[in-house]
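Coming up is one lone chain in structure tokens, specifically the form predicted on its own.
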Amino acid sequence: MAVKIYTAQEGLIAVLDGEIDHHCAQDLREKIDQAIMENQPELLILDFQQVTFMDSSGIGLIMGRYKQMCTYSGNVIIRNPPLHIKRVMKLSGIERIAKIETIKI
């Protein structure tokens, strides 16, 4: 699992790539949290377009980043999750804390 993090006009964007499971979740959390602390953005966008698998660690990743963003009065958007991952997110109730959006390119 890899993550590319960059700043854009709309906020801090973390592009996730590969599988999100308990083996890689800690590293992802640390990298994203570090970028949040350094940039203190109003918006964190987690781009899931290239995520192929996600277990409950992915839900925990989203929830933890939401809590982190709350300390800066910020928001979280989940962008472009594949359909099978979007279903898991909806079942977990993630939509109550983060907007899920699909951007067509």
Partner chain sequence: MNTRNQIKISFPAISINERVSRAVVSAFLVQVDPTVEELADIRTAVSEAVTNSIVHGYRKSEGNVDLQIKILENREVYIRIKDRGCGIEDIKKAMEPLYTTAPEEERAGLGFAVMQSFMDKLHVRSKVGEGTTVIMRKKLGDNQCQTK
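Residue numbers count along the first chain shown, from 1. The model shown is predicted, which means the values in this text are computed figures rather than measured ones.
Keep in mind the form predicted in complex with its partner chain is missing from the figure; the text below concerns it.
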**Report entry** Partner contact for Leu46 in the predicted bound form: its partner chain, 4.5 angstroms, heavy atom
**Finding:** no
Requested in this report: Using a 4.5 Å heavy atom cut-off, state whether Asp55 contacts its partner chain in the predicted bound form.
Outcome: yes
Query raised in the report: Any of the heavy atoms of Arg29 lying within 4.5 Å of its partner chain in the predicted bound form?
Result: yes
Requested in this report: Give a yes or no for Met63: in the predicted bound form, does one of its heavy atoms lie within 4.5 Å of a heavy atom belonging to its partner chain?
Outcome: yes
Query raised in the report: Using a 4.5 Å cut-off on heavy atoms, which residues of 84-100 contact its partner chain in the predicted bound form?
Result: His84, Arg87, Val88, Leu91, Ser92
